[in-house]
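Given as structure tokens, the chain that follows is alone and in the form predicted on its own.
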């Protein structure tokens, strides 16, 4: 019997876009924005060139709220809607896709693998497309570092970040995410992004603390292939700083 690793249509679509250059994903927290507000934000972000909408962020998102938000966002945009899970309560068939991610530097094995084992059958039953990801928190980590019981990688520990990222790839994870934490005072250091990119052959996502076009530019020049922003859009909507970040992503040539 031949077994193949099947990449789903959403993941393949993102990979196809990466062939043409970096992309942007917009993170929306269903507990901070109503379904109607989330749909409007998604519509504006996608119109500017954001390639997809991630839903997640808060602790304790109810399935009902996730269902309503995912349904509203999918009705507003054709770009993929992807669950960015904070726990089993984040599961919703309305989103159709989930980042199946392991919080690699957590001290809590539930967030590394146990919750995944407990929910894998439910995810398959729901018919969700899974996108396997290694999720790595860089200091300061902010709320995700606290809730995730993370040993955050020091911002100067480039080798540590490289090791976690390469281990994720060697374990078969097809995406790697470096996360400074929502609302972080500064993004992941460009030097760390450059070093991690140099050892990977899978796409590198960078998020947390990105608030301006120049910050986005430094990360893109260092090798980030996907930028994720959430706080700036929640605070200001589709404002000048969000537009500046998207502009930098769009003007970056393919690698």
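This one's a predicted model, so the numbers in the text were calculated from it and none came from an experiment. Numbering follows the first chain given and starts at 1.
Beyond what is shown, the protein has a form predicted together with SN-glycerol-1-phosphate; the following relates to that form.
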Worksheet item: Should residue 175 be counted as a contact of SN-glycerol-1-phosphate in the predicted complex, where contact means heavy atoms within 4.5 Å?
Response: no
Worksheet item: How about residue 230: is it within 4.5 Å of SN-glycerol-1-phosphate in the predicted complex, going by heavy atoms?
Response: yes
Fill in: residue 164, heavy atom within 4.5 angstroms of SN-glycerol-1-phosphate in the predicted complex
no
Discussion item. Is residue 182 part of the interface with SN-glycerol-1-phosphate in the predicted complex - any heavy atom within 4.5 Å?
Written reply: yes
Worksheet entry | Segment assignment from 190-198, 221-229, 36-44, 66-74: heavy atom within 4.5 Å of SN-glycerol-1-phosphate in the predicted complex | 221-229
Item to complete: Note that SN-glycerol-1-phosphate is not shown here; using its position in the predicted complex, name the residues of 125-162 with a heavy atom within 4.5 Å of it, in sequence order.
Response: 135
